[in-house]
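First, one chain by itself in structure tokens, the form predicted on its own.
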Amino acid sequence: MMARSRLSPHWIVLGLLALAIVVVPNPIALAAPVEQHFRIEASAFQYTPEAIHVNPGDHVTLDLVSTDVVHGLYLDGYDLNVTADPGQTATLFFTADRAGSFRFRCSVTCGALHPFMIGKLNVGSNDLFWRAIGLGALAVVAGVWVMRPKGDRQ
């Protein structure tokens, strides 16, 4: 006759924690949209700042300021483009309605290093990364609990 194994309450708790890490929505993603305004300086084959972060649904205004020659800013994934003359500001408005990481790059040939003039727009947080970290930590805890000597388990 086979002995029936009983599921330990520890395993139930670990399973529920793993389920929560995987399915509970990120509270930041549920935040109400806000107005975000960024000033991006374009000069000598670089953008300053190189990366900007917004939440999904935010209404974004980008002011592109060229400090040396004519520069552009093309936002991949959104198909948006703006061009600024030297010493001038050009403005771009959009709603961050697509989550993920998007490159923005100079859309005007501005010199030899033009292809390397790249920035990044991050919409939302990197949930996958943080969920993986949480599941990894939970796996370590479960591994430590399983590897303990039988007399120490309760």
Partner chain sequence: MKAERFALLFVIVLVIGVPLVAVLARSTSDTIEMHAQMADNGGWTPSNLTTQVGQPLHLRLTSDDVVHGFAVGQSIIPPVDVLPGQWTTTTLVFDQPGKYTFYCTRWCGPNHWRMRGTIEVTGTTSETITTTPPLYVTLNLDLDAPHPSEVVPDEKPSAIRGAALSVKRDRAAELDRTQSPAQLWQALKAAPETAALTDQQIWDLIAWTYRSRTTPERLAEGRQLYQQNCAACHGETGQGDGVIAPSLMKTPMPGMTMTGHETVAPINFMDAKNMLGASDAILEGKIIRGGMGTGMPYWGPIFTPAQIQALIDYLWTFQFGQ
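None of these values were measured; they are calculated from a predicted model. Residue numbers count along the first chain shown, from 1.
Below, we refer to the form predicted together with its partner chain, which is not included among the displayed structures.
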is_contact(T109, its partner chain) in the predicted bound form, heavy atom dist at most 4.5 Å: yes
Taking its partner chain as it sits in the predicted bound form, is T95 near enough to touch it, meaning that at least one heavy atom pair lies within 4.5 angstroms? no
4.5 angstroms heavy atom contact with its partner chain in the predicted bound form for D68: yes
Wondering, does D85 line up within 4.5 Å of its partner chain in the predicted bound form on heavy atoms? yes
